[in-house]
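One chain is shown next in structure tokens, namely the form predicted on its own.
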């Protein structure tokens, strides 16, 4: 039986390498802003973006040489915090094929892994779709 995708206002699809530009940071800020406005949001991570929600990333990024005493949350910690702060309004999906292909198997428990063939159901459940990354 196919998984039911909750209806959302927006689907944001993250594709490509997460740290090659500011796209992921901008997308995460957009997700948070939409949630703070009361919107329901789903995120579909594809390609290397599936690495964003890996448990091994831990809570914090490695130390920054430019600010040795600064503490910065990892992307997994940011996503986990948003999922816990906005239950029932934020849904995070990962492409199972892309994740398996990259050896990324240990995701946050709230992340739902779906086959690429399921992406159409996510699009159909969203009022609007935004693609962020490579095409």
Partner chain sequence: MNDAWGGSRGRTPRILLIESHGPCAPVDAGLRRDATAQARAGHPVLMYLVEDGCLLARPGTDEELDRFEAAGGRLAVDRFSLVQRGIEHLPLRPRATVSDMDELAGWITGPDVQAVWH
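The structure presented is a predicted model; accordingly, all values stated were derived computationally and were not measured. Residue numbers count along the first chain shown, from 1.
There is another form of the same protein, the form predicted together with the partner chain; it is not shown, and what comes next is about it.
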Only one of 79, 51, 90, 34 comes within 4.5 Å of the partner chain in the model of the complex by heavy atoms, so just point that one out.
34
With the partner chain left out of view, choose which of 104, 30, 83, 108 has a non-hydrogen atom within 4.5 angstroms of it in the model of the complex.
30
Spot the stretch among 54 to 62, 70 to 78, 37 to 45, 96 to 104 with residues whose non-hydrogen atoms come within 4.5 Å of the partner chain in the model of the complex.
37 to 45
Proximity of residue 21 to the partner chain in the model of the complex, heavy atoms at 4.5 Å
yes
Should residue 131 be counted as a contact of the partner chain in the model of the complex, where contact means heavy atoms within 4.5 Å?
yes
So in the model of the complex, is the partner chain close enough to residue 123 to count as touching (4.5 Å, heavy atoms)?
no
Quick one: does residue 10 come within 4.5 Å of the partner chain in the model of the complex, counting heavy atoms only?
yes
Those residues of 51 to 74 which, in the model of the complex, come within 4.5 Å of the partner chain by heavy atom
none
